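Just the one chain here, laid out as structure tokens, in the form predicted on its own.
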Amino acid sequence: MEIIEYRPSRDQLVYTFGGAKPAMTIKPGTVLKLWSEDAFNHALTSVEDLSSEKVDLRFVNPQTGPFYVEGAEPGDTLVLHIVDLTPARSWGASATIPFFGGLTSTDRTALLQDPLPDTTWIYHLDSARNTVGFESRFGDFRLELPVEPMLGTVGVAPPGGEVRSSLVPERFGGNMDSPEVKAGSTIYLGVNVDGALFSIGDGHYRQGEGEACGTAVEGAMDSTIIVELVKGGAPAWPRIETDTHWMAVGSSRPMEDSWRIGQLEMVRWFGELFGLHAMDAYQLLTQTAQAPIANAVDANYSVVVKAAKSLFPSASAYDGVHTDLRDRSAGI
């Protein structure tokens, strides 16, 4: 396998899906070792830094990419297997941002109230113990939490020449903020334009489901990813496969529509995996699915619908590419 390392300079970072020239062209089967900047674009480095003063909303969620994949055409399936995610700094930052988050009024949920306090937390990484430290800003409480790296954003260029902010999750992927986008996971994305033009970024050192305040433990990330391509078979919405689960991600508003999208995509996937009629797949999904919230704060809300493989007969998605890539990753 060809291994390519890419660390973008600040002027090479992009802030949209679609509308950007490719950083490079790669072949299917390539291993990418990538560095990505944190979601705040390195603007918050201490608890004295406030998002209202330091964060430029035009330049948040910087993306590494996009990458043009040779042979990728609309209707194909881009396959990204995450081999490893490693924090690239000794600290991560989180913040409450005025009029942003799941438990405050926003520009869309407009209420007559003052914003929550503009506050920054810095989580220091203990690499020996593989933990990040929470330190209270309004009291005297400390807690060590396990590092659980994930990528908040992974996506391809949208169809129709659209250019979408890197803050938005949609059917092209984007800012889904799912903790399932982690090492060992395989992401399936439908290709919309020649070359797919995929990007990654928004590294999180850990995040609870829902990302309640709108920011995780945000940090620069070193990512190792194997890129593959399946001709045809494009899923309508992002799918994720691990050794233990099949998953689909829906992103919309209101949140029940995100749930519905994920449920429908899993009904379709059950049909592909087991040859089930849609009504039988619907019934089976009803008795087996879990539906964790990925985020409740972005321009769209994301819900993951997941089914445990242990409940079903053995089945091979996309000709077993997840298992193949997992086995290939052992040699990297």
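Residue indices: 1-based, along the sequence shown. Please read these numbers as outputs of a predicted model, since none were measured by experiment.
One more form of this protein exists, namely the form predicted together with another copy of the chain; it is left out here, but the text below deals with it.
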statement: Assert contact_stretch over 222-230, 238-246, 104-112, 79-87 against another copy of the chain in the predicted complex, heavy atom within 4.5 Å, equals 104-112
- prompt: Heavy atoms within 4.5 Å of another copy of the chain in the predicted complex: does residue 210 have any?
  reply: yes
task: Could you confirm whether residue 131 comes within 4.5 Å of another copy of the chain in the predicted complex, counting heavy atoms only?
output: no
field: Contact test in the predicted complex: residue 70 vs another copy of the chain, heavy atoms, 4.5 Å
entry: no
query: Looking at the partner-bound form in the predicted complex, is residue 291 within 4.5 Å of another copy of the chain by any heavy atom?
result: yes
query: Quick one: in the predicted complex, does every one of 139, 216 and 257 get a heavy atom within 4.5 Å of another copy of the chain?
result: yes
field: Heavy atom within 4.5 Å of another copy of the chain in the predicted complex - qualifying residues of 145-164
entry: 145, 146, 160, 161, 162, 163, 164
